Ligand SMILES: Cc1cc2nc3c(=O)[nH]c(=O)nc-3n(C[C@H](O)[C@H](O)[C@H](O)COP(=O)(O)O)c2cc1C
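Before any questions on binding or motion, here is one chain by itself as structure tokens, the form predicted on its own.
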Amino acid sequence: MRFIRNFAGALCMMAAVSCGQSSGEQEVAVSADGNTNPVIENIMARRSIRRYKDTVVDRKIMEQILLCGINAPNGQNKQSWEVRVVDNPATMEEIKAMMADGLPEEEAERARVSFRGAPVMVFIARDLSYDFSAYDCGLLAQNMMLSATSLGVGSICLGSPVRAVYNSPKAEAVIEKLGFSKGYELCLCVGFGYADETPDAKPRDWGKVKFLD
């Protein structure tokens, strides 16, 4: 049965923001002594990367990124996520083949390229018993992406693989392969790797932000 999870799109909007200055109305914050704030510099420097080098990120580095992820704020400290990391190229190809199997060729090709070539893919599932778990997963993903930037690792937040999985006739097989616990639902994917591009920041609409007096 085909369906698209509503949370996937919302999470990508929340967690995949590539921070950058808008049309000159914002300034990078500086510390009290006039020096640029390194945390804000890191946030403003992050970009969504869609072209990667073939090099797989070392697991020690990924462990640091994941540790930052699970230290994200979350409702009632429920830690309402489960995370699966795929950095083995053979496993990655197996999952993509399962996602594409049985689909019309055009849809199958979209499924095969939905990881954007990232050599490491993190699959995040939410606890269906907690109604704010999707937001917890978004915060987890954002922590991972920002920490990755600080370590020189590119990232991209993706909803398309989630759609591809649940649109696939082999959806159950993919979920079984990922090994999530009962009661958890795949809701978000984040790709990691070393960037093979340097995209510019896209404008942000500062007009959507208002102070209420």
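All residue numbers refer to positions in the sequence shown, first residue = 1. All of these numbers come straight from a predicted model, not from anything done at the bench.
The protein also exists as the form predicted in complex with the named molecule; that form is not presented, and the subsequent description refers to it.
Q. With the partner removed from view, which of 146-154, 166-174, 60-68, 44-52 is the stretch that lies within 4.5 Å of the named molecule in the model of the complex, judged by heavy atom distances?
A. Correct option: 44-52.
- Query: Taking heavy atoms only, is Ser160 within 4.5 angstroms of the named molecule in the model of the complex?
  - Reply: Yes, Ser160 lies within 4.5 Å of the named molecule in the model of the complex.
Exercise. Answer with yes or no whether Arg84 is in contact with the named molecule in the model of the complex, where contact means some heavy atom within 4.5 Å.
Key: Because no heavy atom of Arg84 falls inside 4.5 Å of the named molecule in the model of the complex, the answer is no.
Q. With the cut-off set at 4.5 Å between non-hydrogen atoms, does Arg110 touch the named molecule in the model of the complex?
A. Looking in the model of the complex, residue contacts with the named molecule do not include Arg110, since no heavy atom lies within 4.5 Å.
Even though the named molecule is not shown here, does it sit in the model of the complex so that Arg116, Leu188 and Lys202 each have a heavy atom within 4.5 Å? Yes.
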